[in-house]
Structure formats: structure tokens, C-alpha cells
Ligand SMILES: Cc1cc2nc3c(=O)[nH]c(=O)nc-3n(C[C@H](O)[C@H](O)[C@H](O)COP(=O)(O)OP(=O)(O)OC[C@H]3O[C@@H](n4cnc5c(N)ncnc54)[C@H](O)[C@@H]3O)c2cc1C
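Form predicted on its own, single chain, as C-alpha cells, below.
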Amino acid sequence: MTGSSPDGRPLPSPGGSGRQSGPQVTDVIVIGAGVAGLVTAVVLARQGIDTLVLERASRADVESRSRAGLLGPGAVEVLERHGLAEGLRAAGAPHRNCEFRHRRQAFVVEYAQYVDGRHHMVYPQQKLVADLVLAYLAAGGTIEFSVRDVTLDGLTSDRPTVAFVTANGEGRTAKSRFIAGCDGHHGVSRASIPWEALRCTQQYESPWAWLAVLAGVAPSTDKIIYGVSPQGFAGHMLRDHQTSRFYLQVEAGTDAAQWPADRIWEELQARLAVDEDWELAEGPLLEPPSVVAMDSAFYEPMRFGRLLLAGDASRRVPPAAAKGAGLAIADGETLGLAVAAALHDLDERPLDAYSDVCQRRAWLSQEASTKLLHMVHVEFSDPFAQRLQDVRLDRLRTSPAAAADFAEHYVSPV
């Protein structure tokens, strides 16, 4: 079948256009070539398990789309365990502290000192995805990019089926022992599970969202900045030496088109201002701004028959504490090892425990994100909440115990 060889070239097709005469048979089909799907696929492929990854975007898009840039120590440990941290170690930057700005005053929390030196690494997610694609192809895996019309069937049978159309318009069918649904919150995987078989816990529906901006300008800081001002929250995040990520608190449902570049920079300048010698450098926007919801949702169990969900396909955790990529990495490892145990050792106990293990980890991350959102989001119409926010930030600035509590949540569990 068509796909990518280890050197990235397309593999030849065994036939012309139209549907193939019979289905391909493989051990595991992975839906989605994001972080969760690729970690799952690498873990499986390196154990000699035949895998097929299906991705709706092109390889160029997958390896260039900007996502998160901060990885916690737990996620880094997973990558190192599987020999996937070479690029991270070569080009990533350690991050051990962050800065808060409140009432135009800045203070730094050296969080790593409270958690035995554990810290984050700054490494753009698109670079990690590119690393994972290469590692998977080197392990002999096959990826079909630019697929469409993906449908899942027979999920409670021993041989579930995935039908799809390749980039050249050829209809294909593949059968497998397991399917890993790693195609995000709006993907086809979770949508293929009967609604009555899922429980949805809507933990929080936020009235606020973040306007996300990627700018072609060097960071004006060597620390992540969380700014709290009368105009609302603003974040200055780190990516690399040429690009910076910014966030602005906006109302949920905001139309990003109403935020031209001049307005964005005006708000960032106002919300990040401090009474000291500091200047925010401005630059061109590298992509149109987008609005990121701060809502939370958990879907469980993460297994339905032979389909297992991972990463954002099973939940939505606000990005406030940068837990999304770490959870995807951890889910990928847990899923890959559980499926390997089932196929190699005929031991399905790790699969039976899979959902509970991942959900416990995700709820810890949810708690960290929620606590940080309450600390930095401004409730404009609630003076009571504003005074409580002042107290939280003052305690974080002056109390080692408050700083230690922040640090524990900030770096755990991934």
C-alpha cells in the first residue's frame, strides 16, 4: 500500500485507483499522527508489532503546525526511556522558573528548587513530532498521510476494520487486532463509540478563553511570564530564539478576526507592563490568531472493545499549566505497553487498567490547570474574586509554602 518509507519517500501502490481487492491485515491501526499516536506507534513498532498510522494532514503540515512548547519532567522521562529525547536534548532549553506580574510588579518563582530540581524543557511540539515520525519510520512503521473519509467498524469484534481514502483517492480497508484512537477532541475515533457507552464529565465550562498568537520575534524574556492586570491575563511563553507564543484572556466565543495585530500588541503591552526597565519586542504574526477554549471534559472509559482512546481524543484539559503534550506522551507509552502485553504475552490486565491509569493522571493535570487559571484569570464583574486573587498572588510571592504547592502542581504528574 502507499505510505512513507524510512527515508520519507512514498511507497509504491500495488494497484490502480478504486478499492483494493482485499483488506490489509495488521496488528494495530493508529488513528492520528500527533504526539499520542506517534509515541504509541513507536513503542509498538520497536517491539516488532505491525502497525499502520493514518493521518488526515500532510506530513509537511504535521511537522510544521505549531502547538505546545513546554514538556514536564514526567514526559521527558518517558521520551528518554524509549530513546526519543535526542532532539530534545540537543535543541531544547531547560526551564526552572517562571515570572508573575501583578499590580505592575514582577516576581519570580524558582519552582524547581521546591521539587528536587525537577523542571520543564522548552521544545516546540512540531519539532518533537518530526522526531517521532523519523523514529517510527526507522522502526519499520508505515504512515498514510492526507487520508480522508476514515470510518471504524467492528470495534467489539476480534478484527476491527478501518476504511479510508488515500491521498491519491484510492479506497482502502485495513483489519487489525486493536485500534488506537489518537485523533484529537473532534476526531472520528471517539465519535465511533456509541454515546451510551461513554460517560462525559463536564468539569468546567469557562466563560473565558485565550487568544493564541504566534509571533516571529525573539522572546523578550528568559522565563515564562504570567501577567495579571486590570485588563485581564496575558501570557508570554517561550518557543525558540526566533518565535514567541502569547496568550490574551478573552471572552469565550470571541471572534479572533476582531483582533488585528495592532490591537493584539496594544493589549500585550498594557497587560505585561511593569514599573521597571523592560520592553516587549513586537514582530509579525506568523499565523492568524486563534481562540482556545478553557473548557474541560473527560470521556470514560477510554476503551470500547478493541478501540482505545489516547490524548485529546479522551479529554479536554485547559492549556493553562501546559499539560496536554505531557499527557499525550504518557498515554502513548501506557497504551503501547498495554497492547504489547496483550499481543506478546496474552495478558490483557494492563488493557483492563488502562483507562483508570490514564484518567487518574489526567485529573491531577486538570487540578493543576484549574488552580493556575483561578490564579491568573481576572473576574472583571466580581470584586470578591478579585480580592481573593490578590491574596493568592501575594501568598505565592511571599510564602515558601505557597510556592512549594505551586511547584508540586506545576511539574506533576507529567
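One-based numbering along the sequence shown. A quick note: this is a predicted structure, and the numbers were derived from the prediction, not measured.
Omitted from view is the form predicted together with the ligand, to which the following refers.
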_Can you tell me which of 181-189, 87-95, 167-175, 264-272 lies within 4.5 Å of the ligand in the predicted bound form, counting heavy atoms only?_
181-189
*Exercise: Q126 in contact with the ligand in the predicted bound form, heavy atom 4.5 Å*: no
_Close approach of L335 to the ligand in the predicted bound form, 4.5 Å, heavy atom_ = no
_Contact flag, R239 vs the ligand in the predicted bound form, heavy atom cut 4.5 Å_ = yes
*asked:* Taking any heavy atom pair closer than or equal to 4.5 Å as contact, tell me whether G232 reaches the ligand in the predicted bound form.
replied: no
_Under a 4.5 angstroms heavy atom criterion, identify the one residue in A33, V28, A45, A368 near the ligand in the predicted bound form._
A33
_Selected contact from L364, V357, L388, A57, since only one has a non-hydrogen atom within 4.5 angstroms of the ligand in the predicted bound form_ = A57
*Of 319-337, which residues get within 4.5 Å of the ligand in the predicted bound form if you count heavy atoms?*
P319, A322, K323, G324, A325, G326, A328
